[in-house]
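A single chain, nothing else alongside it, follows as structure tokens in the form predicted alone.
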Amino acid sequence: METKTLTPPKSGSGSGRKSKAEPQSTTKPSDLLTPEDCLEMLKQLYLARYFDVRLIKEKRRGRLTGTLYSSHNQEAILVGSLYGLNGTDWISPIHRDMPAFFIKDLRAGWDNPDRLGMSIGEVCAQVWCRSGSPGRARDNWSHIGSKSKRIVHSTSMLAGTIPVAAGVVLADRLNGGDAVVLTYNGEGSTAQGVFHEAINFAAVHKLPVITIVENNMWAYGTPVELECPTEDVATRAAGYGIPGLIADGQDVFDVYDKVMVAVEHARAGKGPSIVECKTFRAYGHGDHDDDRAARYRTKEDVESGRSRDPIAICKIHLVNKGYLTKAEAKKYMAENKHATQTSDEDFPPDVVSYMSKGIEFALASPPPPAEEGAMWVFREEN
């Protein structure tokens, strides 16, 4: 597969056209999905949105502490990129990817205790700072990971997990494995030196590292045109001799297609890829930035960026395929609404119940005992 650049969708427009270098097969990976797969992907979009909405509401009620980094309007990137992975593949999320921790391997069964993804209870316990959390109530909500679940620990050092991910799959290859790793990064992280050093290393050694760039047009308060000198971040792939793909980050099926092309490329031993997903950040960088974001972004820009809701776009696809009736598509209307405008009735009941069980688990877990304060700080001698 050659390096390729696609003409991207503008904010609020359709997905980009295919480049000449893109395989000319008429069958896309998403064409092979069953109706059940497609409906499951819609439900996962609802789940990711409800997780975000519920936490925003809980935070506004004063029931949570810490900074909330919303994934609202970017759910298609997480669901679309994760759906086609094997459970034994690795992921490396960032702060805006909290749903990724429990969406990973969710296809194996939402309540399956053996699936290789965190439970909703574990993630909620992390948010509520309880002992049932992977981080034992330490650090930021999203600064968690799991070696057994094959999730690289998230940090605030954007792009800093790419070399870690490269090392993880290098070790996997040396041990005879065939796992790939998805690393998630904002477009601002591509200005970091470590981004280029790590991808260069992965390219030289043909490591199965797929770098997902969530291009939501803003790195904190810096617009994308002041972060990157090229129109598309994916064109940087040409400098490493690797594929660069561009996906419509609002279309879960387009994300799935582009990521699966990169996964197949990596699993075949051909090396890494960059997949740029064009999207838009719904709120501020974090909830501490919401008021300021209203000043550095115009109301018109925000409305345009949020005009194509991932849930609504998925429904259109499913109705066109005959997998969903128009009446069914109108049953739960979570799309195109601010978090404070939604209610539980806007989501499928099983989605609401699943999240509620996670919160109940968190609240039933006690805070960690004070004696754990030095845990993981000093080496314990036997």
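Keep in mind that this is a model prediction, so the values were computed, not measured. Don't overthink the numbering: it's just position in the shown sequence, from 1.
The next section is about a form of this same protein that is not shown, the form predicted in complex with another copy of the chain.
Among 177, 229, 269, 109, the residue placing a heavy atom within 4.5 Å of another copy of the chain in the model of the complex is 229.
Checking 260, 203, 217, 282 against another copy of the chain in the model of the complex, a heavy atom within 4.5 Å turns up for just one residue: 203.
Segments offered: 299 to 307, 76 to 84, 247 to 255, 221 to 229. Contacting another copy of the chain in the model of the complex at heavy atom distances within 4.5 Å is 221 to 229. Proximity of residue 195 to another copy of the chain in the model of the complex: non-hydrogen atoms within 4.5 Å are present. Residue contact check for residue 190: one or more of its heavy atoms lie within 4.5 Å of another copy of the chain in the model of the complex. Within 4.5 Å of some heavy atom of another copy of the chain in the model of the complex lies at least one heavy atom of residue 236.
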